[in-house]
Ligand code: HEC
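Here we start with a single chain on its own, the form predicted on its own, put down as structure tokens.
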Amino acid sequence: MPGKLTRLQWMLVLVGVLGTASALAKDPVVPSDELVFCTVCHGVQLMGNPIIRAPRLSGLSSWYVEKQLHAFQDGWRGVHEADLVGMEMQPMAAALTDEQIKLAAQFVAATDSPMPERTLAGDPSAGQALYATCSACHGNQAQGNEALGSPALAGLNDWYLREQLEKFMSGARGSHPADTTGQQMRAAMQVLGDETAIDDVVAYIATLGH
């Protein structure tokens, strides 16, 4: 990590700048005191912080946020030894009440921030063909489909998408018997097959939702 700062030190730095950055945000959604902890890692307006591998959350559907927070609580996400970032998130989610989870999900869904910049060197043209399979669940514009339990992918950081796809491929995510949609994702990863294909499909997804 740059400068060898610990995750806690980065969190304290973010807390220190929160007030100033919030004032600069366009039409900011101000979190209640009990939800400020979300912005500590995920940034003002939940725009994400790649330094500590905290993705942009703003605009995610409330149903999906609730589902994932409960997944962390129930122990089928964030417990695999290879999912170090998930393991940091798991105890944070475990401390939430059901009411706090609902409030956090509503906060995420109501919050907006600029679309993330592209950081990967994949080929969007090659990725478009690969995404045809993904679109059956996630939609042709990566808008998601609640009925299928498929989240929106447009608007997520490309580096985060790649990391999650790699985790599905390795089994660090989607291996728990209760994670039915995760198991479906693991099966879908067979279509991609390698890291080049992952970068290409993520590069294409990064062109959507703008």
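In this text, residue numbers run from 1 along the sequence as written. Quantities reported herein were computed from a predicted structural model and do not represent experimental measurements.
The next section is about a form of this same protein that is not shown, the form predicted in complex with heme C (HEC).
Contact with heme C (HEC) in the predicted bound form, judged by any heavy atom within 4.5 Å, is made by just one of Glu88, Asp74, Asp112, Asp123: Glu88. The partner is absent here; in the predicted bound form, the one residue of Gln141, Thr181, Ser170, Ser175 having a heavy atom within 4.5 Å of heme C (HEC) is Thr181. Within 4.5 Å of some heavy atom of heme C (HEC) in the predicted bound form lies at least one heavy atom of Leu161. When contacts are judged by a 4.5 Å heavy atom cut-off, Ala203 does not count as touching heme C (HEC) in the predicted bound form. Shown alone here, Pro50 lies farther than 4.5 Å from heme C (HEC) in the predicted bound form, counting heavy atoms only. At a distance threshold of 4.5 angstroms between non-hydrogen atoms, Leu60 is in contact with heme C (HEC) in the predicted bound form. Shown here without heme C (HEC), the chain has Thr133, Cys134, Cys137, His138 in 113-145 lying with a heavy atom within 4.5 Å of that partner in the predicted bound form.
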